[in-house]
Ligand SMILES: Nc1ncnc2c1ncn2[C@@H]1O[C@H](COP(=O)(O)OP(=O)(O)OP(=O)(O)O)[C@@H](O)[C@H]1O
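Given as structure tokens, the chain that follows is alone and in the form predicted on its own.
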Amino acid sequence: MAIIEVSGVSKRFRDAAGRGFYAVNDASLSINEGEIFAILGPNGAGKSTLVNMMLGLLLPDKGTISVMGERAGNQEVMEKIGYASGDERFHWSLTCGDILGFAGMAYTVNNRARRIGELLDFFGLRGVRDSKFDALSTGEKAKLALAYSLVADPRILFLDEPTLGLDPDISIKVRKEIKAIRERRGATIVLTSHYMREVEYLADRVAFINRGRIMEVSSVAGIRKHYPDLENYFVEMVKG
């Protein structure tokens, strides 16, 4: 059953010279409840713009987006959505506990202390609960961003380039945490990335986007069956 429907959506901006261009151009896709759905494309392909429209942070110039049967940006729907970015930043002097506690208050979560404790344990952050954000390791910061996005136990989790800039060993750990979120919590996860291997490891299905256009939507297994060298397939699609 589809939990997100994107139909004929376009978004146009202007560059520094005043020339118009499409960040997203006539995009359509359907995301099923409970799946990990990846939006894969090179930098500047339109991934973040598409996600921001699904979140209701940007309005499309054309087309429609529904999330859980409601218009994207609906307040009740927004309360059931989590978001984390690989570029997430919190105030340097706040502790892990402070940051998660703020999220609990913002979402009016019942039994906040218990919920925060569950997330600290889930991500292995209990030992740094009272550590300031600036003192955390890169991997701990990435895990904290994921924990923050889960405080309200969302039905849909958007992850925008969640391993951006991370060392390979930390990226592997974060990907394992993302898989565990779906397996243990049943959340629908929408993932943007430009790492083919990351998408292959995590996703059930993938939408390839380039220059604002959705080039193909398919299961990762289906693409692998027809294109054994999946990374080169992606490179050739981008060139095309």
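One-based numbering along the sequence shown. Since this is a predicted model, take the numbers as computed values, not measurements.
Here the subject shifts to the form predicted together with the ligand, a form of this protein not shown in this document.
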Heavy atom within 4.5 Å of the ligand in the predicted bound form - the one residue of G63, P42, G56, G34 that qualifies: P42
The ligand in the predicted bound form: contacting segment from 174-182, 197-205, 66-74, 42-50, heavy atom within 4.5 Å: 42-50
4.5 angstroms heavy atom contact with the ligand in the predicted bound form for R14: yes
Heavy atom of V220 within 4.5 Å of the ligand in the predicted bound form: no
A23, heavy atom within 4.5 angstroms of the ligand in the predicted bound form: yes
